[in-house]
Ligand SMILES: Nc1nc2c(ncn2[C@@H]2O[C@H](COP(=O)(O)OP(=O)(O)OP(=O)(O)O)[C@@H](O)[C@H]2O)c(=O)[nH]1
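The form predicted alone is given below as one chain in structure tokens.
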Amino acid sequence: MRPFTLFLPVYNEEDILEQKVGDLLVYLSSLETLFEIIIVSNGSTDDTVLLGEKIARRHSQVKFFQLPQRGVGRAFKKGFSESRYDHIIFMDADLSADLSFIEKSNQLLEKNVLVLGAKIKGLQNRGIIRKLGSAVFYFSVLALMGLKYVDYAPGAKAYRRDFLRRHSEYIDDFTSFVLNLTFIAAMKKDQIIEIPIACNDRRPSRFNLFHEALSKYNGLLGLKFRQIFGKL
């Protein structure tokens, strides 16, 4: 099994950060391969930064970075630029996706540049609003871009680092980078695979869902315009 980087973006996660990183360290240590955890706080205003720094001092496998501005894409750009290993696995801070995705996606990156974990295809314990929102966005992407993948949320995705380096200009500051990178990989005929994942996500969102939806659709329309005008 290849060494890998596990990336976690965090925003105001003081209540769960220590517990979740502890859970990760136990699980990752059982895989018997080299790994690192990169945590990037984007605009946290609680004690997340203090806790992250303490965790990094305590565990050599953990790196912690702080960004003053919010934006999961900003955090991801920082995370992959600091990564030591060629396989980069993105998980949400609450670990709502089943941890088995880590081992499965790491293995699949041997032949694919991008692994998409798909909640819609797996067992998902999520609110009805989130399920409907995901389904509507999937059909919107299918209609506008012709992509048949179903999950473009940042969490539970895995990438080859060389692929990210080649296409880093498509990593926006917020959440559209997953769609952008998926479309670019499909256009370049790079290998992509989507696998079902179990997801237990009943926690209230850390973000305004309306603003999050606006950001996603702005990103989708922006991608379509770039395609139309030959900017991709």
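All values reported here derive from a predicted model rather than from experimental measurement. Start at 1 and count along the sequence shown; that's the residue number.
Not pictured, yet referred to below: the form predicted together with this ligand.
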| Would residue 166 sit within 4.5 Å of this ligand in the predicted complex, counting heavy atoms only? | no
| Taking heavy atoms only, is residue 10 within 4.5 angstroms of this ligand in the predicted complex? | yes
| request: State yes or no: in the predicted complex, is some non-hydrogen atom of residue 54 no more than 4.5 angstroms from a non-hydrogen atom of this ligand? | output: no
| query | Wondering, does residue 45 line up within 4.5 Å of this ligand in the predicted complex on heavy atoms? | reply | no
| said: Using a 4.5 Å heavy atom cut-off, which of 135-143, 77-85, 108-116, 91-99 contacts this ligand in the predicted complex? | reply: 91-99
| request: Give a yes or no on whether every one of 3, 31 and 194 sits within 4.5 angstroms of this ligand in the predicted complex by heavy atom. | output: no
| message | Do any residues of 125-146 have a non-hydrogen atom within 4.5 angstroms of this ligand in the predicted complex? If so, which ones, in sequence order? | response | 126, 130
